[in-house]
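A single chain comes next, written as structure tokens; it is the form predicted on its own.
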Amino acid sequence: MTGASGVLGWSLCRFLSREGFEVIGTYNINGPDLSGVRFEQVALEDEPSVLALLKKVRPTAVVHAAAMTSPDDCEREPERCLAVNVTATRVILENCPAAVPVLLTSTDLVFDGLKGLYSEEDSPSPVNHYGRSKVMAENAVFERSNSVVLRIAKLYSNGSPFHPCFTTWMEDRFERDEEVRLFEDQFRSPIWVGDVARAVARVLTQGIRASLYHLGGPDRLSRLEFGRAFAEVFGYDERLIRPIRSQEAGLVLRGSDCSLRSDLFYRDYGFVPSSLSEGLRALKEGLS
């Protein structure tokens, strides 16, 4: 499991180890501590270190969740973005035996957001460097058999000890009675991190059935709509929420509607995602 200290990798390590998997997690700077999980430090930009780790660990499956995931950071450091998101992916793919399945987690931001409700048949058209780097990583996966890309929609969770999630940012603002500025013009298919963990476990136990799947929640929502639902479940004052347009934030361009259709994964793996209210209640209870 690469990226074990990140929001997704942390939750995957916790869930998969509880499910009986022998999990070895990698990290770059922040060393996690989880009972039942072994951790190894590696810089993905350092190809010899990655090769040495693969030789040492000899994995029977790889879940490659490590990446530079901030579009703004990727725009500021394009060379490092390519090294982490693309080159490291190729090194892993090229140096794992053919019998070892490799699962790459990707993003809904490979799309330009002009259409929404994208399926696996829609061609990527990223609008920022982060999205372009993930398309390049995906293409490397498609060249190798026994590999799969999971394009994951906007994730919501309690974060990891080292990386917050946007829901932890909202919670902090609400707790301080501060204004919560949320986009009214960007739409995604938010998915609870516990569902992503269950989905990854199904792929590992049932096998890879296609080279590409979308994995999002059942609802197409704006950040504003999600924030209002969050406030209702958590009991926060919705009057603190201020709708804004994405252009007001001064961030690197994202697609306006990158919502996903995930019917293919639901069908192939008999998967039923949590509803928004179910996911938020689980989040509140700390089950993620």
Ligand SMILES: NC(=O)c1ccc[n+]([C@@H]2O[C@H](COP(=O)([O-])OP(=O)(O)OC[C@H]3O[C@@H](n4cnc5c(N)ncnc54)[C@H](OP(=O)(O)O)[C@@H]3O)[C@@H](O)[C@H]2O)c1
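Don't overthink the numbering: it's just position in the shown sequence, from 1. Every value quoted in this text rests on a predicted model; they were computed, and no experiment measured them.
What comes next is about the form predicted in complex with this ligand, which is not displayed.
- Contact with this ligand in the predicted complex, judged by any heavy atom within 4.5 Å, is made by just one of Ala43, Val252, Ile244, Ala231: Ala43.
- Val84 is the sole member of Cys74, Ala197, Val84, Val141 with a non-hydrogen atom lying within 4.5 angstroms of this ligand in the predicted complex.
- Annotation: in the predicted complex, residues Leu16, Arg202 and His214 none come within 4.5 Å of this ligand through any heavy atom.
- The stretch in contact with this ligand in the predicted complex, judged by heavy atoms within 4.5 Å, is 152-160, chosen from 113-121, 203-211, 152-160, 172-180.
- Contact check for Gly9: a non-hydrogen atom falls within 4.5 Å of this ligand in the predicted complex.
- Contact annotation: Ala65 falls within 4.5 Å of this ligand in the predicted complex, judged by heavy atom distances.
- Although the partner is absent here, Ser49 is not a contact residue: none of its heavy atoms lies within 4.5 angstroms of this ligand in the predicted complex.
- In the predicted complex, this ligand sits beyond 4.5 Å of every heavy atom of Ser262.
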